[in-house]
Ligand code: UGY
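Okay, so here's just one chain, in structure tokens, the form predicted on its own.
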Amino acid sequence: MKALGHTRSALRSDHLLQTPDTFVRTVLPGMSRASAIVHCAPTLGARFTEYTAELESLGALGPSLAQRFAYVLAGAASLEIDNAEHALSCGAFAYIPERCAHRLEAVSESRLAIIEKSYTPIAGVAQPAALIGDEFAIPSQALMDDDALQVRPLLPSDCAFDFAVNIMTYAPGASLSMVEIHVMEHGLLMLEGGGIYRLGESWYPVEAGDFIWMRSFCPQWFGALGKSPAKYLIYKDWNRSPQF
């Protein structure tokens, strides 16, 4: 018998843990042969939107006026942009500038992590161009000189970009060296493994498939548990002065 009324999911004023048993699917405008699990959005208090798109073969996303970042979780997709077509396999990603016409379509049954955010301009700096890459082509680097914590920055660090998306990988038993409290907002999708996450004053077991939203200044800490590495995709606002 199912544990009726029980879930690991939790919503607090400064964070959300959303687990797969609570996912609700919807269809977003312009989608075809696809559905979305919306993880966070401005209605939550977030300053960006993140969702998982589940597409049948030849399913496609609708248009977006905001910046769009797509990461292939499973399957394969095709991106048509700037009169060129790009094949995206598992681990590939694409950054699409604000108001840039494009078509993102599944080649086979696929799942994509999608992040959308209105662009925040900065004086004297042009908006970034479209970018297509592959996670595995980016060298990883130790976080704070700890080889057990590896980070792959998927987007360039230059100030044309107003957000960052990184892949973090923790060796079994590795953890952050401190509880972080900072101005950056996060969206985090667990890709592999699991561990314990401290969010605010709460402690949660987390595993692959879970999503976490963290408001600015939410106390946060993670430690990996188990015999395999823990890996997640994490968004943060970046390269801009705090808005008042």
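Residue numbers run from 1 along the displayed sequence. Nothing here was measured: the structure is a model prediction, and the numbers come from that model.
Omitted here: the form predicted in complex with this ligand. The next part is about that form.
Trainee: Is it the case that Q220, even though its partner is missing from this view, gets within 4.5 Å of this ligand in the model of the complex, heavy atoms only?
Mentor: Because a heavy atom of Q220 falls inside 4.5 Å of this ligand in the model of the complex, the answer is yes.
Trainee: Hey, in the model of the complex, does L17 get a heavy atom within 4.5 angstroms of this ligand?
Mentor: No, L17 stays farther than 4.5 Å from this ligand in the model of the complex.
Trainee: Report yes if any heavy atom of H182 sits within 4.5 Å of a heavy atom of this ligand in the model of the complex; otherwise report no.
Mentor: Close contact exists here: in the model of the complex, H182 approaches this ligand to within 4.5 Å, heavy atoms only.
Trainee: If we define contact as a non-hydrogen atom of the residue within 4.5 angstroms of the partner, is K231 a contact of this ligand in the model of the complex?
Mentor: No.
Trainee: Check H39, Y51 and R215: does every one of them have a heavy atom within 4.5 Å of this ligand in the model of the complex?
Mentor: Looking in the model of the complex, the three residues H39, Y51 and R215 all stay beyond 4.5 Å of this ligand (heavy atoms).
Trainee: Considering this ligand in the model of the complex, which of A174, V165, M168, A113 comes within 4.5 Å of it through any heavy atom?
Mentor: Only one listed residue qualifies here, and that residue is M168.
Trainee: Using a 4.5 Å heavy atom cut-off, indicate which stretch of 60-68, 201-209, 26-34, 174-182 touches this ligand in the model of the complex.
Mentor: The contacting stretch is 174-182.
Trainee: What are the residues of 68-84, in order along the chain, with a heavy atom within 4.5 Å of this ligand in the model of the complex?
Mentor: Not one residue comes within 4.5 Å of the partner.
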